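Presented as structure tokens, the chain that follows is alone, the form predicted on its own.
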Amino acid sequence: MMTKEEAIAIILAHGVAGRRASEVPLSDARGRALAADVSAGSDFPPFDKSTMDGYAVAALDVASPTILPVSGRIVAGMEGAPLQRGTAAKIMTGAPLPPGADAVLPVEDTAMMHGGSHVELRRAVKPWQNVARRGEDFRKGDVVVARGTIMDAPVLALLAMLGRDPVPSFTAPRVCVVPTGDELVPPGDAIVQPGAIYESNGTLLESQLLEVVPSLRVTRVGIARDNRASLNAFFDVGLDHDVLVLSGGVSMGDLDLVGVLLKERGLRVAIEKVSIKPGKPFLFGDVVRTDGHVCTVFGLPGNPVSSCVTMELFVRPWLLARLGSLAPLGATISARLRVDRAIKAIPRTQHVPATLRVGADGATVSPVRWNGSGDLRGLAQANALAVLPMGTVGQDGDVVDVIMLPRRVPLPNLDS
């Protein structure tokens, strides 16, 4: 059986190989990575500008408190006339410093006199005080945002400030999510058959994908049933996408037909099982149609926690690698394990839903009360996964790796 590390190496290499670059509108770029360096087309700031509301002066004229005539007013978006020595110009934050001025005294250190024709400057000012110098942030030609940078809110704003729209980005794949199972009922419908449960994996997986790339095109086409006709009908739709993410039907049961039917359609299997808990049944590969279209397939376990964990461990890194991220594996930190009793060792790498806290004594991680891979309520308490390598006992005080989940605030404790 393949280890987690072996599986991740295969998945990341596959994601990198599938990258395609294009120009993407800023409004669709959040969560994606830049496909090329972005350089400055001009200095920034593009001119010396005031960082305060106040009065622009020549510092030599205000070596000590003084009174000067006011020569004019300058607001953001306008260029002021050259400042004559021995005068001051009222200036607003962000406005260009007029030629002849080299400092700004804040308005709170001044007082208007003679109906505003003069100003009392109540303290001395030094050259370039309260002034943002031209080019101090970056110079024309500087690489401001590097290839591979994930475009979050500050980066998108920076690109907008550079005047870039659209931006060079790696093309996001079209994804189809299909939960499978005879027992599943859509939320909102009435449960009438014994043994039925509401379907939650579609919502879970779509939400996890959109956490990576909010503009990702994710299609959900319903629930596939555990029979050839239903599964093949859903495959007809799903395999027309760039990525098909399935949950359920990939284990060893009599009705686990997903892998069987996909192989009949030519699935090139790269991964079929991974030595982890939860999430051992895991299918990954490509289906290449006769017209050359390639669909990447992820077959995730049907239990919700297993689906969630395999999405975090495998699908998210693949997607980030496909989108050009330089750090597709996300954030892992070390923390001290806090348990009342030891977590027993098993011959698989364990990923235990847990609560990560950082305090004066450093980071600690405590497993939530969790009843196994079907317990979404337990998972909803967690903001992290504590990782125990295969064959490792988890003792109180051990230092373990922790994978942080996107949601940071856990739900109230089950016992509260």
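The numbering used is simple: start at 1 and walk along the sequence shown. Computed from a prediction, not measured in an experiment: that's the story for all the values here.
The form predicted together with a small molecule exists for this protein as well; it is not shown, and the discussion that follows is about that form.
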_Under a 4.5 Å heavy atom criterion, is T310 part of the interface with the small molecule in the predicted complex?_
no
*Is there a non-hydrogen atom of P96 within 4.5 angstroms of a non-hydrogen atom of the small molecule in the predicted complex?*
no
_How about S251 - does it come within 4.5 Å of the small molecule in the predicted complex, if we only consider non-hydrogen atoms?_
yes
*Wondering, does L159 line up within 4.5 Å of the small molecule in the predicted complex on heavy atoms?*
no
*in the predicted complex, which of the listed residues (D256, D240, E272, D142) lies with a heavy atom within 4.5 Å of the small molecule?*
D256
_Proximity to the small molecule in the predicted complex, single hit among T332, S200, N227, Q84 (heavy atom within 4.5 Å)_ = S200
*asked:* Counting any heavy atom within 4.5 Å as contact, can you tell me which stretch out of 242-250, 262-270, 100-108, 323-331 lines the small molecule in the predicted complex?
replied: 242-250
